[in-house]
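One chain comes next, on its own, written as structure tokens: the form predicted alone.
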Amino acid sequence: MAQVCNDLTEYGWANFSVFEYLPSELIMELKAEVELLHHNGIMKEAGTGRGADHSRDRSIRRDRIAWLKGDTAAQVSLFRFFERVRVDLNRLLFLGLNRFEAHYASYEPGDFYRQHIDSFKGRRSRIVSVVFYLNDQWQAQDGGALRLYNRDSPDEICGTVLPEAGKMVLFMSEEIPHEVLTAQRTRYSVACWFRQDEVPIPL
């Protein structure tokens, strides 16, 4: 994580392979879960904004999502890994991250997500964004790449990452504009956000 944290500090984003941290069997189990949800029509059309600002605009975003609750063995194992990442980010970068949230995402051919940021400046809720890919034998012609832009110049591309199985990308939620290019085959991932706010208390 030291190199990841150095890249987050210097560039605002980083990527690495998780295969030395997570077994390939776990990635296969997670992919099987999201495929089942996708094919059974359980995943919901994603929107943008929160609360009263929430909307669904297919000219901006066309993926479908299902929130993870840690209620399967595969999700429990993934949550343990995310917790290790949270602790390391706090230890090395002093970010004060208190929790995380995560969902599956699926993109069918023709789906995309236009350039956006994950959290508005100063809100200090989502601090670090993570995308974890589950796609076997992904090629450049399959589209669906994550494109990241310079935090100081949103028109300048600073990285393009293919959604290959086992690859994980981290970036600063308030700083890095990014988009998902149009997929040419069905694309699966886990999105996760490390947050500074506490878990809301039910009323």
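Numbering starts at 1 and follows the sequence shown. If you're wondering where the values come from, they're calculated on a predicted model, not measured in any experiment.
Note that the form predicted in complex with a small molecule isn't included here; everything after this is about it.
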{"item": "Residue 118, heavy atom within 4.5 angstroms of the small molecule in the predicted complex", "value": "yes"}
{"item": "is_contact(residue 193, the small molecule) in the predicted complex, heavy atom dist at most 4.5 Å", "value": "yes"}
{"item": "In the predicted complex, residue 183 touching the small molecule (heavy atom, 4.5 Å)", "value": "no"}
{"item": "Exercise: residue 86 in contact with the small molecule in the predicted complex, heavy atom 4.5 Å", "value": "no"}
{"item": "In the predicted complex, segment of 152 to 160, 22 to 30, 174 to 182, 35 to 43 with a heavy atom within 4.5 Å of the small molecule", "value": "174 to 182"}
{"item": "Selected contact from 74, 102, 95, 131, since only one has a non-hydrogen atom within 4.5 angstroms of the small molecule in the predicted complex", "value": "131"}
